[in-house]
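A single chain comes next, written as structure tokens; it is the form predicted alone.
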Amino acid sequence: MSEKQKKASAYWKENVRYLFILLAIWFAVSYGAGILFKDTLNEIKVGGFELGFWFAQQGSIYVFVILIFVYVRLMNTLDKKYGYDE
């Protein structure tokens, strides 16, 4: 395997690791907070709404958008690390 192929392989391995971590966070927030822990979170009110309801309706969307920006930042750093930046 050439040096270029090793670098590309390491790049994609790190990229996939970031994807799995970020998707796990999104899953935990959307499924966990919105469904599994709904009853516990509903004891807390946010703007007059129960927190479990808020996470199911809005929170997971906000977290997803935040994770998009985190992913962009991580990928820009990763691109620079492996020399793929423009």
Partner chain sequence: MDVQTWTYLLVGITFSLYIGIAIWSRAGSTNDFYVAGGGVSPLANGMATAADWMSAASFISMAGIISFAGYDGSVYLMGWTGGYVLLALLLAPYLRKFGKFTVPDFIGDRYYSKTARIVAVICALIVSFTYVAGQMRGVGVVFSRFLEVDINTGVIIGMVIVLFYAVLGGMKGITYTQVAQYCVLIFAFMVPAIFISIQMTGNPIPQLGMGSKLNDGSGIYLLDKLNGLSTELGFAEYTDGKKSTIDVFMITLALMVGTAGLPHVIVRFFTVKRVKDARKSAGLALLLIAILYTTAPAVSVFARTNMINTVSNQEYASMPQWFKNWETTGLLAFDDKNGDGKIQYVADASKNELTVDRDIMVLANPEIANLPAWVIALVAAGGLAAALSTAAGLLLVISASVSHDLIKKVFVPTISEKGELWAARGAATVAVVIAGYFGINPPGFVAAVVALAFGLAAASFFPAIVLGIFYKKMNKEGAIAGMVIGISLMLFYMLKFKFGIFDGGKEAVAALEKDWWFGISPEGFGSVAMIVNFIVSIVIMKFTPAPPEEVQEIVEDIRIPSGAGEAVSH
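Residue numbers count along the first chain shown, from 1. All values derive from a computational prediction rather than experimental measurement.
Same protein, other form: the form predicted in complex with the partner chain, not shown, and the subject of what follows.
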key: Non-hydrogen atom contact residue 3 with the partner chain in the predicted complex at 4.5 angstroms   = no
inquiry  = Does any part of residue 44 reach within 4.5 Å of the partner chain in the predicted complex? Heavy atoms only, please.
reply    = no
ask   = Is there any non-hydrogen atom of residue 72 lying within 4.5 Å of the partner chain in the predicted complex?
value = yes
inquiry  = When the contact criterion is heavy atoms within 4.5 Å, does residue 10 count as touching the partner chain in the predicted complex?
reply    = no
ask   = For 22 to 44: residues with a non-hydrogen atom within 4.5 angstroms of the partner chain in the predicted complex?
value = 22, 23, 26, 27, 30, 31, 34, 35, 36, 38, 39, 42
